[in-house]
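Coming up is one lone chain in structure tokens, specifically the form predicted alone.
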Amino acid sequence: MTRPSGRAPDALRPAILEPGVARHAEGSCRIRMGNTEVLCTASVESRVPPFLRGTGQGWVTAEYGMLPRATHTRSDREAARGKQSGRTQEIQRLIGRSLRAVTDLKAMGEMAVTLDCDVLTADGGTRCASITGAWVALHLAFRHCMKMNVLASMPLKDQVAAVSCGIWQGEPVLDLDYAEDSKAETDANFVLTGRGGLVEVQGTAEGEPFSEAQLLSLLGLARQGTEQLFRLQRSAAGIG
């Protein structure tokens, strides 16, 4: 079995996490996973949604979008259509859930952080890249708040990263690009924490159902892949 990219079954695409690329954002990171590229920015506001007012608790949320020429053909801007697609809403909720899972919201006080994840180029795995890059942006934003004496300590409790895996030509493979994702027999996304916790698992059989043994093999690949991503996150965030 030869993958379209020539990678080994357990190999990530070349990954680069570049911090501090957005001049005005409190935190930012541009992440590249092969040909997929996402700009993640973290914006801090000193107010929270109405349902959290007076609770002393903060909030982390996310917005996700793809630029019109992120793919081979131009897509209309969702703002021009006046409505977000169901896919966009599902992905941005996933990103928000993933980052809240590793954030001590009480330690934030009544502060909100919005993570904007804008896909510059899409070649599979955009939601996973968004989560991985957004963690770096959020860490840098919190560190900025600590430097400005807005926060006394770092609210992040752990790292979180995500990676796709799938069954392609009958074999479990790590980090699907579009050529594989579009033809995979099984497609799955794993959101994992630095301490090994599971935040979310999304798995779909595109043809024949997959077995429990195959699911566990995909989870093993995901753990291997996210360990590499955690190291890249720490480096980008300046954590020794």
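Because the structure is a prediction, the values reported are computed rather than measured. The numbering used is simple: start at 1 and walk along the sequence shown.
The following text describes the form predicted together with another copy of the chain, which does not appear among the structures shown.
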property: Segment that reaches another copy of the chain in the predicted complex - one of 86-94, 146-154, 164-172, 128-136, heavy atoms within 4.5 Å; result: 86-94
property: Interface membership of L216, another copy of the chain in the predicted complex, 4.5 Å heavy atom rule; result: yes
property: Partner proximity in the predicted complex: V199 to another copy of the chain, non-hydrogen atom cutoff 4.5 Å; result: yes
property: Interface membership of D181, another copy of the chain in the predicted complex, 4.5 Å heavy atom rule; result: no
property: Heavy atom of A122 within 4.5 Å of another copy of the chain in the predicted complex; result: yes
property: Triplet G65, P68 and A205 all within 4.5 Å of another copy of the chain in the predicted complex via a heavy atom; result: yes
property: Stretch 108-124: residues contacting another copy of the chain in the predicted complex, 4.5 Å heavy atom cut-off; result: T114, D116, C117, D118, L120, T121, A122
